[in-house]
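Only one chain is given next, in structure tokens, and it is the form predicted alone.
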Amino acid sequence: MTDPARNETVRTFYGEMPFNYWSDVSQAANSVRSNPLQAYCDLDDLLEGMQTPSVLEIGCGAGWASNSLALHYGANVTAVDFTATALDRAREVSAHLGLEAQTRFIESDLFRFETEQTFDLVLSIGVLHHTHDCRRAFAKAASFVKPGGYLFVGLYHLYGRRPFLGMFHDILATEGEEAAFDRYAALHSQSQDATHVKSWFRDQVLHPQETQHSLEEVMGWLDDAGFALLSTNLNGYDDVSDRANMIETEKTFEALSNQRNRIEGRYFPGFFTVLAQR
């Protein structure tokens, strides 16, 4: 079952300002042209070897990933989100880049979305942990992957996330939201667009619904869904056969996050990705 009250809270939050939202369409299009998916080297390598892949994106937001998939990898993309404001921008960027024939944006709650189609790749980056039931959302996303296809998911990390959140909750409680935003902007200084930075700050610091998860937990989800883990950024995309070692290693990310965020003043929000195959 869905949770209408929490769903509406999250929908309203993103309706005010979607994540990764630039002040104008041209800047958003330029961010797509820079191919932000190259930041995920395992996903980039996979896509480079696929011919016209069919892709489903769960929680596409303003369309940076979906439009990047279409522009740089020739993908045919079905993209789902439940926020009209975000989808309007996603379609505007698609039109600006001439990608309308390759992208289809659908307004729907993930838990209510249905299609008979299965896909070469299903991805969801930074979305499922904002649902009321991440485990069930993960299983729903995985159900759309065709046999032999791939699943790519990014989630907030149980260990790496805590110091980041703790630091910003302390600032919010003692100095207020403006001071917290100033600290965030100093950490996340790659963008000079104030609207864009604010959209990231709201998503990562002020979000009304968030859970955090471990690689150990997600490996169990993959087992249950019949997927094999191929790679994760938590071990630098290295060999994933030694699960016990990866589970111990991920626990060290709490100390690493504290070192980066509080001591070094470097951006480390606590986020991990997994690539798996059905």
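One-based numbering along the sequence shown. All of these numbers come straight from a predicted model, not from anything done at the bench.
Note that the form predicted in complex with a small molecule isn't included here; everything after this is about it.
A.B. asks: Which one of these stretches, 125-133, 186-194, 69-77, 173-181, sits within 4.5 Å of the small molecule in the predicted complex when only heavy atoms are counted?
C.D. replies: Among the listed stretches, the partner-contacting one is 125-133.
A.B. asks: If you check Leu110, Val205, Met167, Ala142 against the small molecule in the predicted complex, which one has a heavy atom within 4.5 Å?
C.D. replies: After the contact test, the surviving option is Leu110.
A.B. asks: Using a 4.5 angstroms cut-off on non-hydrogen atoms, would Asn261 count as touching the small molecule in the predicted complex?
C.D. replies: Contact with the small molecule, no.
A.B. asks: Even though the partner isn't displayed, in the predicted complex is Asn7 close enough to the small molecule, meaning a heavy atom within 4.5 Å?
C.D. replies: The answer is yes: Asn7 has a heavy atom within 4.5 Å of the small molecule.
A.B. asks: Would you check, heavy atoms only and a 4.5 Å threshold, whether Ala28 touches the small molecule in the predicted complex?
C.D. replies: No - in the predicted complex, heavy atoms of Ala28 and the small molecule never come within 4.5 Å of each other.
A.B. asks: So, Tyr14 and the small molecule: in the predicted complex, are they within 4.5 Å at any heavy atom pair?
C.D. replies: Yes, Tyr14 lies within 4.5 Å of the small molecule in the predicted complex.
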